[in-house]
Structure formats: C-alpha cells, structure tokens
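Starting off, we have a lone chain in the form predicted on its own, written out as structure tokens.
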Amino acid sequence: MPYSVIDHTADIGLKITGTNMPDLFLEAARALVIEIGADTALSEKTVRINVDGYDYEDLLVLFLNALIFEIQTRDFRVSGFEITSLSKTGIRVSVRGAHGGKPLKENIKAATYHNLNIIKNPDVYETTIIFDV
C-alpha cells in the first residue's frame, strides 16, 4: 500500500511512499482524494494544476493545496491524475474528474509544512504529510 494513515492529534497524517518523485506526488494526491472521499468514476472534465515552488517539499504542499481548493471550493471530484512535468521548482498536473457528486467524508483546510521532509531510501521515496482539518 503506497500510503497509511498515522495518528495525529486533531489533524490527519498520511505516510506516503512512491517508487520515484512523480510517483510520490501521485500517491500523495490519490491518498488525499481517497481519505476525504473525493473520488469518482467519472472523467468528464480535466483541471490543470500548475504550481511553482522552491523545492520538492514546497511543491508537494502547494500542489496538494491547489487540489484541495478544486475539491473544496469548486466541488470537483477526481478520477485520475497525469503529471505532465515535474522539476524541483515546478509541477504541471492534469486532473481528471467531474464537478459535483457525493459529499466529502472529511473537510480538509490545507496540507501543512509541519515536519514535512521527503526522504529517498534505497528503493522508495517517502514522506509524511499533515493535513489541517
């Protein structure tokens, strides 16, 4: 399993693993979508998320917060992701899904920088992300 929920007082913590950096970003996005119930089987629309940052940790938080914005404020539900470009200072992602759908299981305010660190182990990239609820 590429992610697991970790105990965290009052917030949601997810431990994410990926085989490479793009995989880590995709698994983090998938985990967020599954945990808050923002998934759908529909692929009627594509939303593009483009963010720039100063390193991979910054990009991960900015990307997840842009995704949370689409889900929370535009009522977008997600069926899939495609990273079209990822560098240390920028990410471009196409997010497939549809507007409307089932209510969310959890309302998340934001991904945070709290203890955020991306670690490269011999076979996997790993990080823990805390979401403010």
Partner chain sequence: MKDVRTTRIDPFRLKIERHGKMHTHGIIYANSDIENYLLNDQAVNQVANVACLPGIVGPSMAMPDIHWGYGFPIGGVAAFSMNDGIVSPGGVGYDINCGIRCLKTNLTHEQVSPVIERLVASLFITVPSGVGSQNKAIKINLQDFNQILVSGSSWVIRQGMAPEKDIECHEDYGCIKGADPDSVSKKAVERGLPELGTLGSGNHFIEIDTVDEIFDKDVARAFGLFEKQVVVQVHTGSRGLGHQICDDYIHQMIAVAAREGISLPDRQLACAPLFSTEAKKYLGAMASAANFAFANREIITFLIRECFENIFSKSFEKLGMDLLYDCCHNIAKIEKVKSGGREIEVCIHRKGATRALLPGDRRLPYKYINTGQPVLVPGDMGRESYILVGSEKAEDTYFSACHGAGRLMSRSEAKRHANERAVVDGLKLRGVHIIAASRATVVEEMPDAYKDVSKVVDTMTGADVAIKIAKLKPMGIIKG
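Positions refer to the first chain, counted from 1. Values in this document were obtained by computation on a predicted structure and should not be read as measured data.
Although it is not shown, the form predicted in complex with the partner chain is what the next lines describe.
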Is the gap between Ser85 and the partner chain in the predicted complex 4.5 Å or less for some heavy atom pair?
-> no
With the partner left out of view, is Lys109 within 4.5 angstroms of the partner chain in the predicted complex by any non-hydrogen atom?
-> yes
Evaluate Ile119 for contact with the partner chain in the predicted complex, applying a 4.5 angstroms cut-off between non-hydrogen atoms, and reply yes or no.
-> no
Could you tell me if Lys15 has a non-hydrogen atom within 4.5 Å of the partner chain in the predicted complex?
-> no
In terms of non-hydrogen atoms within 4.5 angstroms, which of the given stretches 24 to 32, 93 to 101, 38 to 46, 65 to 73 touches the partner chain in the predicted complex?
-> 65 to 73
